[in-house]
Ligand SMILES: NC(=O)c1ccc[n+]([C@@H]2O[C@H](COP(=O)([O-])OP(=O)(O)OC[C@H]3O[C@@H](n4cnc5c(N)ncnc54)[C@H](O)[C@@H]3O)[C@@H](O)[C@H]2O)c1
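Next up is one chain by itself, shown in structure tokens, the form predicted alone.
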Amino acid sequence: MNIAIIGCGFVADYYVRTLENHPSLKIMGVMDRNPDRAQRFSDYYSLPKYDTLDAVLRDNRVQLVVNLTNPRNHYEVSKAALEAGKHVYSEKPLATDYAEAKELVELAESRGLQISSAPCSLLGETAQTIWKALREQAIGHPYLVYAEMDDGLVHKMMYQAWKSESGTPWPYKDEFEVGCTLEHAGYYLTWFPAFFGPAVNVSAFADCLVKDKVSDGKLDPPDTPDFSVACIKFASGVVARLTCSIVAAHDHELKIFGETGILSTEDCWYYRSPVHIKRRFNIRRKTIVSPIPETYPLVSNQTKKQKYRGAQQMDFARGIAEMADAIKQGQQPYLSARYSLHVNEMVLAIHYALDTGTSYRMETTFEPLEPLSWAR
């Protein structure tokens, strides 16, 4: 399938590098509103360059647009692509406003097109392994989930020196203004509805703990939450607590507490992060959790180590490739438009908790997902 990349910023390098894993995808060209950034990216990867968004949308060879723009531009760019008859794979979130995200999904459906959203880590080996362990009741009935997406005190790090492989600086001003919840909560929230069914209620708290994160200008808005915590109830009755921040020490651990043990993994940013089980057992009148974890075998899709600069090990392009295959087969993508919208709604409910209060009843739902064929 012929694709075009809109947005040649920091994350674009990860996508281009992992596209090498998916030879069925062909890049027709790249485009960025910053001509210098587009030229540098085009030259570095020897890719054709479009001068304008209109040029991309007029190119009849392009079947699928990969929207890697700033989150605040996702809605505008995705809408233009859909109106031009292109399928869309968007970086997270679909939109920063729920009404706009819903509009995109309905526009795609009305035109017989597909739209999907990152992150695609549900397609990874670790997520599919955890799901398999839950189906096999490896820890009995699951009751409660603790998930962490804390990335350390980012504004105290050397972030101004961070650059992508092609030389694009980390967009720290945009990152601080968009906020850690919109940027990172989706990594685990994309997993949970597959495991536990649709979310039915979100109770959340969010706050801006560090008011002045930059010394070279002002943030707009100045009070985007850098900490959020949410309790989410799913249709199955499972409750998940998700904490997200750029204040607390780095921690991406997931724990699922069941009647016979604890299922865990260290980091959703690693597609092959080991999965562990700690069994619960009784000794006399005491119930004890084993201090020694068992390793649950990873299901395998023969993932190789990613060839890019970065601590995480994610195949960013896997979602695009799966989407392209589904379109060619006349099917919905695994991360369908309605599924992506459901995740987007959860994320926004948490992100805007500072303004809207603590309790939010979910509106969206989706068709149940099945495990990937290689993970059954």
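Just so you know, these numbers come straight off a predicted model, no measurement behind them. Sequential numbering from 1, following the sequence displayed.
Just so you know, the form predicted together with the named molecule exists too; it's not on screen, but the next bit is about it.
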Give me the residue from E125, D226, E91, E148 that has a heavy atom within 4.5 Å of the named molecule in the predicted bound form. E91
In this chain shown alone, the residue from S116, T129, T265, T168 with a heavy atom within 4.5 Å of the named molecule in the predicted bound form is T168
Since the chain is shown here on its own, which stretch among 276-284, 168-176, 206-214, 235-243 would lie within 4.5 Å of the named molecule in the predicted bound form, judged by heavy atoms? 168-176
For the named molecule, considered in the predicted bound form: do all three of R37, E76 and E183 come within 4.5 Å of it, counting heavy atoms only? yes
May I ask you to check whether Q332 falls inside a 4.5 Å heavy atom distance of the named molecule in the predicted bound form? no
Mark Y187 yes when one of its heavy atoms lies within 4.5 Å of a heavy atom of the named molecule in the predicted bound form, and no otherwise. yes
Within 4.5 Å, heavy atoms only: does D315 come near the named molecule in the predicted bound form? no
Closest heavy atom of D32 to the named molecule in the predicted bound form, within 4.5 Å or not? yes
